[in-house]
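Listed next as structure tokens is one chain, alone, in the form predicted alone.
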């Protein structure tokens, strides 16, 4: 099922599914009972561009902090619940916007019904979240540790809610294996119109975690699968958001801010291209207008290959050229290239004349 044809749920004021933009999620790493630290991290995630924030609610101390956290932020909040249905009820009472559970591990059907009824009464969707480490034993015996087992596990949990007439559902099927994750989501997309939450679980530290997540999430997004994403990293959650946004931009699903196009270095390069590209990226990070900016190592790869860029620079020997839409607009000493490019962009965006004579 293509994402545009899925049902739409609402996590606070964020629509998930249908024709809504693919949203980016992350999860706080703070102890939830530490309200001040948790709210500070939520604010940092919001500033980074996060759309939805999830909090772990493992115990009563965390549950008691939920009303204060809800009062302290307008961000859409998801409570992550395992095993204890009362924690889910507390999250619903606190005004959280969604709950992530596995209905099969909450307890009896009566307890699941209480959670479903509370969510229905408060307009709260439930994310059925399954992963390769939580597949029931009988399904492992039947399917093995396979994508098919993940899908069967998800449907088992979904049917529990559907039998209670609850269908305000989002689904995730995560594995630490990229091929298994992709296969599971593709299988699920063929069989349901529930919106899918994408992610590769336990992906690793910043470098490999981003690589695995980009491969898995990116492949699915390009297939038209997935309505919301979370890049799981053993790192600061803000890095998850940055990576998620970058994946959406790379797959053409988000067009905001500056997209830096830079060439690899080679023997033709006579400037410090790596430092220059990093400097330009840093200087333009706060610009929200969608623009493509090229940082090229030489004139061969400059205005020619990067002619579609809105703005760009190409190095020479001790100097470089500035160009706009493939047309050279001036020459600048190497030391001034980054500053001149940034000033050109800012002045052009404000409607002023180019600073280049």
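Positions refer to the first chain, counted from 1. These figures come from a predicted structure and were not determined experimentally.
A second form of this protein, the form predicted together with another copy of the chain, is not displayed here; the remarks below concern that form.
Contact with another copy of the chain in the model of the complex, judged by any heavy atom within 4.5 Å, is made by just one of 287, 164, 145, 118: 145. For the residues 269, 86, 73, 109, the 4.5 Å heavy atom test against another copy of the chain in the model of the complex is passed only by 269. Just one listed stretch, out of 90-98, 121-129, 257-265, 150-158, contacts another copy of the chain in the model of the complex at the 4.5 Å heavy atom level, and that stretch is 257-265.
Mapping the unseen interface onto this chain, residue 102 falls outside it, with no heavy atom inside 4.5 Å of another copy of the chain in the model of the complex. Another copy of the chain in the model of the complex comes within 4.5 Å of a heavy atom belonging to residue 281. Using a 4.5 angstroms limit between non-hydrogen atoms, residue 203 touches another copy of the chain in the model of the complex. When another copy of the chain is considered in the model of the complex, residue 230 lines it closely, a heavy atom lying within 4.5 Å. Contacts with another copy of the chain in the model of the complex, taken as any heavy atom within 4.5 Å, map within 28-64 to 28, 29, 30, 31, 56, 58.
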